[in-house]
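Below you will find one chain, with nothing else, as structure tokens; this is the form predicted on its own, and questions on how it binds or moves follow later.
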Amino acid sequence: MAGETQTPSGPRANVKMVIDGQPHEFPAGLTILEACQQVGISVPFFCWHPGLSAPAVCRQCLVEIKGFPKPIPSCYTPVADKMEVFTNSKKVLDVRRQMLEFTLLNHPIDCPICDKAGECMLQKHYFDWDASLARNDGSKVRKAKVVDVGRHIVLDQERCILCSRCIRVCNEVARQPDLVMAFRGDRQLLTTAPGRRLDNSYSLNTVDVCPVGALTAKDFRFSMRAWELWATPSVCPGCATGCNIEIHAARDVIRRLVPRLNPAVNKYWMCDEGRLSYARVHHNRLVAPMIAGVPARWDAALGEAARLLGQVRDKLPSILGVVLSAQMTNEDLFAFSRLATEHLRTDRVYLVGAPEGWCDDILVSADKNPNTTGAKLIGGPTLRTAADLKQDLETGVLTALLLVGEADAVGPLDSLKILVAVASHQDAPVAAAQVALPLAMWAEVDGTFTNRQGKVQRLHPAIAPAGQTRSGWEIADRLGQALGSALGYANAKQVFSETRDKVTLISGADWGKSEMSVQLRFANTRG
């Protein structure tokens, strides 16, 4: 119905109001700040965050309302019918300037060494306002500069502007009251609660929401400037939840992962475990094809792999198995599934993955694989389990194996006569393989994961593939060619399109670009 908004409890009338002389209409329940953002009117703030409650403590978002005796915080005040709001009157601008000056009064001027420089809200508002010299004579309240508050985080109490965002993340997101304010006035400071440390599983979100450089991550601290980073939209590989993220990288090295807004999956947050999963991308990688443990050319390695697998296929395909991983993309899984059935003519296709781990009812899934759902959809009802694989290896049913992806749960390999490994890391199966082909990882490729909700989500390459690594679908295509005929793929999008056409439950998925972050980011953006 026109003029109404549907809510869980029924229709609710929209609100008609005026902002800076222009009439607008908004759904009831919005705050004035949210209403201003919807129509492109910029109102500065520090303490407000769209994913947290609004305490109205910074007083930077003050606006004037006709009929009210003094400016009020727009982040806390709901819109009302016939309300007339002024966001840029002389009174409003003057009081905001005064509040900003109070915020800066005891703030250290250490921007050149602050990790937040370049993406600091205080720095931005200062330059947006007038960049005037401070009237402080240089005498400032001193507080602790390096406080180890948790296993991942260091606190600089002098930089803290007491916005309380981090406290609300702990209370409202992690549900762990790890941080509090102590003392009052200009001696007030952020600290850990009595008997606690900032060690909850979502602690690094406090670094994201901190508007200044008060909270810094130990793994990123002093390592890189924000303006040197390229931000690429992607999906966390840490578990089946599939949190949307940005990969921040420079010079083909991942420096950090940060959450990217997706209201249906992870909202504004991600867990610490997933955030630190990028380290594996740069550790102990297999970067060149190997034949009998010796580096080789790609064409030679593919030829030898095809010779070994082909001779088994032609003589006794029932002893040949193909192992896929729930860590792989949909595209890689589909390409190797085709290779197994069409080129190797085997129905012994197994799915393995990382073992189950801890979970919670916030974001973290017990399934530590990002694409279990996609793998099962693509593999279909004939897909065999890790338990089946272990049994077939122990009983000697399998004597030849094409092993693709992560192989933590494969089982004994000493009974195999032929082992070809397509792997990203130099692990035990690679050491045992006659031929090893280097596989690119999730941060290096185009592709998709299907999360536990059944949502197909896009990956973008953030860094160049390590060494001579290749995408799984490309390796499958070239191995198929060496076996007699290529799969016919030119790029990941083509594989995705074929997967979507043949796998009914992902038929509605879209390859289109992932939505970009709406959080405050000053990093360069690509993808």
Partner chain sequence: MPLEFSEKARQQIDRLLTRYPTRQATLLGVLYVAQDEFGYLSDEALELVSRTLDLPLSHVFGVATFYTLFLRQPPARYPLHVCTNLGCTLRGGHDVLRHLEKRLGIAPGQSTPDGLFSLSEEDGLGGCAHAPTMTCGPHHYVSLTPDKVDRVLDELRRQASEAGSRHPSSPPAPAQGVPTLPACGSTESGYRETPGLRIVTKNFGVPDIQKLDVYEAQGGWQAFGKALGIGREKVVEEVKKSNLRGRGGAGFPAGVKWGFLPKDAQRVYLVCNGDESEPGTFKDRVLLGGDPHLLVEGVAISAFALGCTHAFIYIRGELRREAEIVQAAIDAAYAAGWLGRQRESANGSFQLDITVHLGAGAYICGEETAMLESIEGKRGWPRNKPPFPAIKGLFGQPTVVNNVETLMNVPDIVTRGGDWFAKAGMGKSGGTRLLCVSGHVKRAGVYELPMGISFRELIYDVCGGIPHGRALRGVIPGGSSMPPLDASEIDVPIEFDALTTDARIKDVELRPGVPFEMGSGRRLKTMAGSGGVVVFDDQTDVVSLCARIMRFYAHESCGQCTPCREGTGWLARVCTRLAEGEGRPGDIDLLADVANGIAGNTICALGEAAAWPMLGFLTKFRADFEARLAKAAKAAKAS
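In this text the structure is predicted, and so the values were computed from the model without any measurement. Numbering follows the first chain given and starts at 1.
Same protein, other form: the form predicted together with the partner chain, not shown, and the subject of what follows.
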Option touching the partner chain, based on a heavy atom within 4.5 Å in the predicted complex, out of 427, 110, 101, 304
101
Out of 397, 80, 95, 432, which one falls within 4.5 Å of the partner chain in the predicted complex, going by heavy atoms?
95
In contact with the partner chain in the predicted complex (heavy atoms, 4.5 Å), from 138-146, 206-214, 258-266, 323-331, is stretch 138-146
Residue 161 within 4.5 Å of the partner chain in the predicted complex, heavy atoms:
yes
Residue 62 within 4.5 Å of the partner chain in the predicted complex, heavy atoms
yes
Contact flag, residue 57 vs the partner chain in the predicted complex, heavy atom cut 4.5 Å
yes
Taking heavy atoms and a 4.5 Å cut-off, does residue 411 contact the partner chain in the predicted complex?
no
Quick one: 253, 464 and 480 and the partner chain in the predicted complex, is every residue within 4.5 Å by at least one heavy atom?
no
So which residues in 67-82, when you check the partner chain in the predicted complex, have a heavy atom no farther than 4.5 Å from it?
68, 69, 70, 71, 76
